[in-house]
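The chain below stands alone and is given as structure tokens, in the form predicted on its own.
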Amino acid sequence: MPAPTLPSEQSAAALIAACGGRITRTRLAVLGILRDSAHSLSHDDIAAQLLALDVHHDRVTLYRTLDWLVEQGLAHRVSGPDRAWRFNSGRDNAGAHAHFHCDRCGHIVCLESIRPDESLALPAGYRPERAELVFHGTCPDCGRRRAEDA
């Protein structure tokens, strides 16, 4: 896995400032890590990448940073099979969308074209506040490995 890079300081700073947040090195780095990742990352994954970037932090700061990014819509989270949160960038105001979970490697990817709350018909009096839709199966990398092993 290549070493992560910081996002354009200006673009990340502008996103954070537009939300009224303090621009800190940790927020800039975490936002960059999430935006550069092709799949969801756990707290530990992000912490390891912060260390690779030489961004010193503690666990509480990282949790608070992730919570703030989620609250601002700059990131979103989905629960993994181990019930630990995985985080993705909140790209392009994607809103509620489905996810795909690879049961072999554990990666979770966003399926932004699939909305879990579309065509929702609930009984009278029920009002949804959020919806989650997760597909389980095998990602392309694991599918190739499975075919090679056969």
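Quick caveat, the model's predicted, so the values are computed rather than measured. Take the two forms, find the largest set of C-alpha atoms that superpose within 1.5 Å, and that set is the rigid core. Each residue number is its position in the shown sequence, starting from 1.
One more form of this protein exists, namely the form predicted together with a further copy of the same chain; it is left out here, but the text below deals with it.
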Discussion item. Just to be sure I understand the contacts: of Val109, Leu53, Ala47, Ala96, which is the one whose heavy atoms reach within 4.5 angstroms of a further copy of the same chain in the predicted complex?
Written reply: Val109
Worksheet item: Going by a heavy atom distance of 4.5 Å, is Asp58 a contact of a further copy of the same chain in the predicted complex?
Response: no
Worksheet item: Any of the heavy atoms of Arg22 lying within 4.5 Å of a further copy of the same chain in the predicted complex?
Response: no
Worksheet item: Would Asp36 show up as a contact with a further copy of the same chain in the predicted complex if we use heavy atoms at 4.5 Å?
Response: no
Worksheet item: So in the predicted complex, does Ser11 come within 4.5 Å of a further copy of the same chain, heavy atom to heavy atom?
Response: no
Discussion item. At 4.5 Å, heavy atom to heavy atom, what parts of 120-141 sit next to a further copy of the same chain in the predicted complex? List them in sequence order, or say none.
Written reply: Leu120, Ala121, Leu122, Pro123, Ala124, Gly125, Tyr126, Arg127, Pro128, Glu129, Arg130, Ala131, Glu132, Leu133, Val134, Phe135, His136, Gly137, Thr138, Cys139, Pro140
Worksheet item: 2 Å or more on the CA of Cys19 between the shown form and the other one, with the rigid core superposed, yes or no?
Response: no
